[in-house]
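What follows is one chain in structure tokens, specifically the form predicted on its own.
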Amino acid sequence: MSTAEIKQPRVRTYALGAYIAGVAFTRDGETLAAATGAGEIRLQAVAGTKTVKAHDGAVLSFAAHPDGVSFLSGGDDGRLVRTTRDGETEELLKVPGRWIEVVGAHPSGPFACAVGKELRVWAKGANAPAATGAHPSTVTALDFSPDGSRVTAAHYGGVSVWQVAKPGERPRTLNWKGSHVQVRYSPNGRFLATATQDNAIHVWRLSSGQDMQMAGYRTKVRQLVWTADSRWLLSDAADCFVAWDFSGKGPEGQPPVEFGFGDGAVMTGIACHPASPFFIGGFENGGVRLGDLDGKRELVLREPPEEDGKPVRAIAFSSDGWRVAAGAEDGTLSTFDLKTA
């Protein structure tokens, strides 16, 4: 796959009428789901479109379920809900008076959500969650290790790494000052990256605990992505694609690779191709671009609207890497068919 193969992807746009909190595909790529601020899950498949009212309020967090055919959503109604591709819903957790703003899952089976200062963790096959101990502050993000054996929570002062099978045991802690708002493992399990409130990225080498800081972003970093080979780490919050090289000795003392400056708009969402060094960036003005890290070039997939373009926040690739979905704050859902270009 190269940008030369993608000259004019087929684009479809839909107006969902409310902020899009997340997008995800089923594992086979046949169904796309988009979660909205109106508490709805929009399901799109070849057979047709269905809208499900999953929450009595807004969806705040969203992820594909480990079973590959359903989706997890957390809401401001204090509920964690599983929605199947057929539109059936199941309440997995209810915590009245709380918001479920963080949810995550691992393809091997476990999944988790944050409830205030705690994680609720479902081990593979579990019908009910186990609770971790309280963190120093509200949990702002979570991620599973590549093998699914550990779940890591981001919070003020760093991260806490818990064993999925033994959530009651003391976690490993990795400390760094300030608030951490996102966390992502490298696919090879060697690094753990967080986004901080200080317009920066912080990374730990898990073998030694040694850490490093990459700063200078224009706004607060909210999303982090790694290439499948773990070589490159990218994020939103810049006006171009910014890639840090973790091969060899890593990025310490080295500048990042930067390309695709486009019209100067700041990136507000990013997703990585599941196998190749390609990225989809969504921007504050509603534009969407594809970045080719090998060729250090970009391709405009959608020009920003002429007036009142809203930030693109939610982006996802299908598992085969040929379909992309992007959701914006104004409820615009766009799909891009790269293979038929």
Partner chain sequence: MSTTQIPVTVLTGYLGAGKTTLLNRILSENHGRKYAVIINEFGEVGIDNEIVVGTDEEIFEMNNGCICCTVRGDLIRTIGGLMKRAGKLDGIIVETTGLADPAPVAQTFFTDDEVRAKTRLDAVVTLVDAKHFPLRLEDSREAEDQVAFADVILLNKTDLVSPEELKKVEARIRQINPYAAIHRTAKSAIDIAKVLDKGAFDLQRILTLDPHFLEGGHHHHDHDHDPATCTDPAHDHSHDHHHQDHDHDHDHHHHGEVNPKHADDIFSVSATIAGDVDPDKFQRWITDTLRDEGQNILRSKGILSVKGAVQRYVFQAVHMIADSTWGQKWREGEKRGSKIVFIGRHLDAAKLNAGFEACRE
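Computed from a predicted model, the values in this text were never measured in an experiment. Numbering follows the first chain given and starts at 1.
One more form of this protein, predicted together with the partner chain, exists but is not displayed; see below.
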Which one of these stretches, 218 to 226, 158 to 166, 80 to 88, 249 to 257, sits within 4.5 Å of the partner chain in the predicted complex when only heavy atoms are counted? 218 to 226
Would all three of K177, N199 and E329 be in contact with the partner chain in the predicted complex, where contact means some heavy atom lies within 4.5 Å? yes
Of S145, S230, S137, T173, which one comes within 4.5 Å of the partner chain in the predicted complex, counting heavy atoms only? S137
Could you work out which of A58, V69, A45, A275 is the residue within 4.5 angstroms of the partner chain in the predicted complex, going by heavy atoms? A58
Can you work out whether G309 and the partner chain are in contact in the predicted complex, taking contact to mean some heavy atom pair no more than 4.5 Å apart? no
Spell out, yes or no, whether the shortest heavy atom distance between R313 and the partner chain in the predicted complex is within 4.5 Å. yes
is_contact(V11, the partner chain) in the predicted complex, heavy atom dist at most 4.5 Å: no
Does Y19 reach the partner chain in the predicted complex if we count a contact as any heavy atom within 4.5 Å? yes
Select from 107 to 129 the residues with a non-hydrogen atom within 4.5 Å of the partner chain in the predicted complex and write them out in sequence order. K117
